[in-house]
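Taking the form predicted on its own, here's one chain by itself in structure tokens.
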């Protein structure tokens, strides 16, 4: 292949909060400055900027790419905004990778910012417009009950109980107690999750990540520049993405084919032939607790139907054989859509550099993975990082 090696050399992450005092632009600036400071660079050193942010209606801001331009450092530079719903946070660094790997630039700043709390009416209103106008909209669906259908299908396929799924929320929310950006850092028990308010059976309130405001940024550099800036570059070894049909009613919801296809693309590029053995730490997307299990299986990190058992046995704990979401994930840290996926990329970056503090997994990991998912059971984005 004719592309250049690309490394992450700096990362920045704001606190995830509800009703941030800062504007989306200001959050983007804060995350970008942290990333540039860690890389030892100034904005003048950045040649291109790519911004990830979920659809405009999530923030209630028209032309959100243009709106975030100045806060993300894009004035007077080649600048592009991308979004694939919840999959955006991992797709954004893939975009940045393309710029550097192609030789278009040596330094690219990748920024993701989301501020949904100030949007009125609620961003849920925008979701109504993505359903088919003839077969789906008359049912007045919400995302929660759509995913309740998927969760129920997944549970029924493998004979799982609510407790089997809820253990993910317990693990991740407790992991997030050690994350400085956590929106709602609270210790929870299995009983807390099972006894929380039912929103759309079988989904309870604590099965879902909190809706948050926040921003994240990473600096990508070519091999020559990266080696000049740091003795601990983290290389982007593989990238993958896939788009499935938006018609959720015409596919079997027990398995995310689009995640597997994206993963296989990234694994082939990274030389990963046995992901369950070669991936040492992973951050799959977990806006709902069952999605972590779903995505573990789609990422081929375990056999289909095995993720819940492995979670119950502690295999996916921070100190387990394959730590899954040691950050606390979306369930624990919070879910400012695009910034969530990039937060996961940053967590793998920190883990591979052994700079994750109390969240550091044992064993000096050298290969990690982040994945995000978006739209209606539709988008898979995967990135493999190596030390």
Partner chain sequence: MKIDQVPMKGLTSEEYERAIKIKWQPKLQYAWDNGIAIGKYLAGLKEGKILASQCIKCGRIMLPVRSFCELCWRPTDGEVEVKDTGVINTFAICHVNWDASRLRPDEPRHIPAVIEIDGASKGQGIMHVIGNVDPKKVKIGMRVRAVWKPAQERTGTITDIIFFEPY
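Positions refer to the first chain, counted from 1. Remember, it's a predicted structure, so these values are computed and weren't measured experimentally.
Although not depicted, the form predicted together with its partner chain is the subject of the following passage.
S.K.: With heavy atoms only and a cut-off of 4.5 Å, decide whether residue 133 touches its partner chain in the predicted bound form.
M.R.: Output for residue 133 is yes: heavy atoms within 4.5 Å of its partner chain.
S.K.: In the predicted bound form, is there a heavy atom of its partner chain that lies within 4.5 Å of any heavy atom of residue 366, even though the partner is absent here?
M.R.: No, residue 366 stays farther than 4.5 Å from its partner chain in the predicted bound form.
S.K.: Would residue 378 count as touching its partner chain in the predicted bound form under a 4.5 Å heavy atom rule?
M.R.: Because no heavy atom of residue 378 falls inside 4.5 Å of its partner chain in the predicted bound form, the answer is no.
S.K.: Residue 370: heavy atom within 4.5 Å of its partner chain in the predicted bound form?
M.R.: Because no heavy atom of residue 370 falls inside 4.5 Å of its partner chain in the predicted bound form, the answer is no.
S.K.: Among the candidate residues 273, 250, 102, 189, which is the single one with a non-hydrogen atom no more than 4.5 Å from its partner chain in the predicted bound form?
M.R.: Selected residue: 250.
S.K.: Which one of 124, 174, 230, 196 is close to its partner chain in the predicted bound form, taking close to mean a heavy atom within 4.5 Å?
M.R.: It is 124 that has a heavy atom within 4.5 Å of the partner.
S.K.: Which of 235 to 243, 287 to 295, 300 to 308, 115 to 123 has heavy atoms within 4.5 Å of its partner chain in the predicted bound form?
M.R.: In short, 115 to 123.
S.K.: Given a 4.5 Å distance limit between heavy atoms, list every residue of 33 to 51 close to its partner chain in the predicted bound form, or none if there are none.
M.R.: The stretch touches the partner through 34, 37, 38.
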